[in-house]
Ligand SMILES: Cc1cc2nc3c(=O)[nH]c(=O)nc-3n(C[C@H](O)[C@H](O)[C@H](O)COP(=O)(O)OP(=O)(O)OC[C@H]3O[C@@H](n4cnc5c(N)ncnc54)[C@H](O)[C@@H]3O)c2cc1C
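The chain below stands alone and is given as structure tokens, in the form predicted alone.
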């Protein structure tokens, strides 16, 4: 399958957000397989410096429709549809935000295109085919998906799956203004019967921490968890957990790491009593240094760890507390 262009779709006026830069970096790595081009589609005000910054992460061309504050998902989708029709990329990557998922779903019906949601990876094989990977069967397996009969292949990608990377000696990319005349039917095909605004003042951003302490099945006692929590405060770390830790009540859902939770890329990740199932590993694989503590010497996580410690968690906590 030949790929000439890969598009990254922004869903926010903050074009150079970390999330979008992650997607552009991944698109660049996929495009370099056969010297394809990377397009970035934006809707919002024209900020030249922000737009030019995207070239440092791999964008070849930026298409900007200067329409600030477009919150109507149908108009936004119509603008993106027109951009894609004009440039016709072979693949488009959307952020897996609520707004991004809505846009991707609408675009998939417009182009009758295959859409893989919540991807945890995208790869190209030796036959030049693109495979999308996502969790399936209640997160028990990782499914490989290929779109065989679509002119354009679409996917949404979770935040934190990939790591943004600046490319040296990149020339400034081409910025194209995209004129748009409203052509879509203003009558929303979806009738909203009732809406209620739910306020959530607590926004959890695990990725802002450089150190992550993660607890798993091996943390069985509340006292052990409290010691890890106290230790995290000494190091300025955040305490997260696996799905099991959430189910056991140690960790809130907002702090879950893995396929069904969040992906992180801290400088240091310390796993306490984590076996290392594939569902969790995909959420930590981009960490700088992985330290694993588990009393089971054959724990799968040791295959990915930079530092492996086979010992009882409480014994290790005793030693750390003595040192500090």
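Predicted model, so just to flag it, every value in this text is computed and none were measured. Numbering follows the first chain given and starts at 1. Only the largest set of C-alpha atoms that superpose within 1.5 Å between the two forms is called the rigid core.
The same protein also has a form predicted in complex with the named molecule, omitted here; what follows describes it.
- This chain appears without its partner; in the model of the complex, the one residue of 244, 84, 130, 251 with a heavy atom within 4.5 Å of the named molecule is 244.
- Distance criterion of 4.5 Å from any heavy atom to the named molecule in the model of the complex singles out 220 from the list 220, 123, 233, 172.
- Interface residue remark: residue 258 is counted as part of the site for the named molecule in the model of the complex, having a heavy atom within 4.5 Å.
- Contact between residue 306 and the named molecule in the model of the complex is not found at the 4.5 Å heavy atom cutoff.
- Not displayed here, the named molecule is kept clear of residue 34 by more than 4.5 Å at the level of heavy atoms in the model of the complex.
- Using a 4.5 Å cutoff between non-hydrogen atoms, residue 70 does not count as a contact of the named molecule in the model of the complex.
- With the partner left out here, the named molecule still marks one of 22 to 30, 56 to 64, 268 to 276, 39 to 47 in the model of the complex; by a 4.5 Å heavy atom cut-off that stretch is 268 to 276.
- If you take 305 to 323 and check each residue for a heavy atom within 4.5 Å of the named molecule in the model of the complex, you get 311, 312, 313, in sequence order.
- Residue 20: CA moves less than 2 Å between this form and the one not shown after rigid-core fitting.
- After superposing the rigid core, the C-alpha of residue 298 moves by 2 Å or more between this form and the one not shown.
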